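Starting off, we have a lone chain in the form predicted on its own, written out as C-alpha cells.
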Amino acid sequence: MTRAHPRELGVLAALLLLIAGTAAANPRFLSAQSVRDLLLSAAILTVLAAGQTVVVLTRNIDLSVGSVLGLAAFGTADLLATHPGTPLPLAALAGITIGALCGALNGALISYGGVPALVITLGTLYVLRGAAHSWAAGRQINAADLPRPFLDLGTATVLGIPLLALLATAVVLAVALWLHSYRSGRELYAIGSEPAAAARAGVPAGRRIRTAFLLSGSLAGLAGVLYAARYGTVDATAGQGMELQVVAAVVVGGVAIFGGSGSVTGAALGALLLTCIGSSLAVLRVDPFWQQAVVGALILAAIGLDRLLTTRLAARAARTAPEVSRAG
C-alpha cells in the first residue's frame, strides 16, 4: 500500500510532461474544448478502472467489464427508448443492476467454483457479449430515440467541468475512502499481499472477493449508463475491447497485477494518462499504431518496476530479520 504514492507521483509527472510537450507542439491542445473532450473521454474509463482496481488488489482480474458495459448501455438505452417517460434515476438504476448481477455471477463462480478469475471472466466476456447481441437482435438505438435530458447528461458541465468527469471523480473518491478507511476494504490488500496469512487472520477471502466483483460489475453498469448518455447511439458492440484499456490503465497507474499494492487514485491517473496519450498522438498526427506500442511499453515497464520493487523489499526484509532476531 505504501508503495503506491511514489508510483502515483511518477504517473502524474509523466502526464504533466506529456501535456506540456503536446501543448508546446500544438497550443490548441490546451483549449477549453480540447480539455473538456479529454475529460469526457477519460471519465468512463476511470469508472471502469476504479472497479477493476478493487478486483486486481485481490490477485484477480475482471476481463468481462467491456461486455458488462455494453449490456448495461444497451439495456438502459432500450428501456428509455421503448418506455418513454421512464424516470432517469430508475433507468440508471436498471443499468447499474444489470452490471451488479453480472459481477455477482463472476464472483460466485470464482469463489465457489475455485476456478481462476482469468478463465471465468474470459468466458463471461463472450457469454455477456452474446447476450447483448441476442437482446439487440441487430437493432441500433439512436440519439433520436432517447430523451433529451438523458443525452444532456453526456454534455452537461458544472463550472466548465464536464458532469461525467465529476461523477467519475466522485466514484474514485468513494472507492478510495472505502479501501483505506473501512476494514472490509483494507482486507482486500491483505488478501492480495499474503493470502495464507490473511486466512490465518480470519479474513473471509471468499466473501471479500465476491464483494470486489460485485463492485466491479456495478461500476461497469454505471459506466454503461454514462456511455449511453455520452454517445447516444448504442448497439450490441458498445464497449467492445475496453477491458484491455481498463487493465492497462490500472497497471500503468501503479496497481500491482500480482495484487496487494496500489490505489484507485493511481488507476484514475493511469486512465487519464492513456486517454491523453491517444489525444496527443492524434493532435501530433502520429500513426495510431504507436499509441498501442506506447501503451504496451508502459504496461511492461510498470510490471517490471513492480517486480523490481518487490524483489528489493524482500531482500531488505531478509537482511533485517537476523538483525532484529539478534537484538531480541
Partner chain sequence: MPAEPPSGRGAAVLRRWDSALIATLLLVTLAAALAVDGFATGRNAQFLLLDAVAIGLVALPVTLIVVTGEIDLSVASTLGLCSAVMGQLWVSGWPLELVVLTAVALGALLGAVNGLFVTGFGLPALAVTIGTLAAYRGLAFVVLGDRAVADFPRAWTDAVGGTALAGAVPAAMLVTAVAAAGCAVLLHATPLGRSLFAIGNNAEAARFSGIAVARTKFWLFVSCGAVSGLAGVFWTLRYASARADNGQGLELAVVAAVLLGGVSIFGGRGTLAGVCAGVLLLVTLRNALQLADVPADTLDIVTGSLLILSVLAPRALTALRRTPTTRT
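Residue numbers count along the first chain shown, from 1. Worth saying up front: this structure is predicted, and the values here are computed from it rather than measured.
Beyond what is shown, the protein has a form predicted together with its partner chain; the following relates to that form.
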Which pick from 113, 89, 160, 84 sits with a heavy atom within 4.5 Å of its partner chain in the predicted complex? 113
I need to confirm a contact call. Of 257, 173, 104, 166, which residue comes within 4.5 Å of its partner chain in the predicted complex, counting heavy atoms only? 257
Only one of 213 to 221, 196 to 204, 76 to 84, 89 to 97 has residues with a heavy atom within 4.5 Å of its partner chain in the predicted complex, and that stretch is 196 to 204
If we define contact as a non-hydrogen atom of the residue within 4.5 angstroms of the partner, is residue 304 a contact of its partner chain in the predicted complex? yes
Is residue 71 close to its partner chain in the predicted complex, meaning a heavy atom pair under 4.5 Å apart or at it? no
4.5 angstroms heavy atom contact with its partner chain in the predicted complex for residue 251: yes
Select from 126 to 159 the residues with a non-hydrogen atom within 4.5 Å of its partner chain in the predicted complex and write them out in sequence order. 126, 127, 130, 131, 133, 134
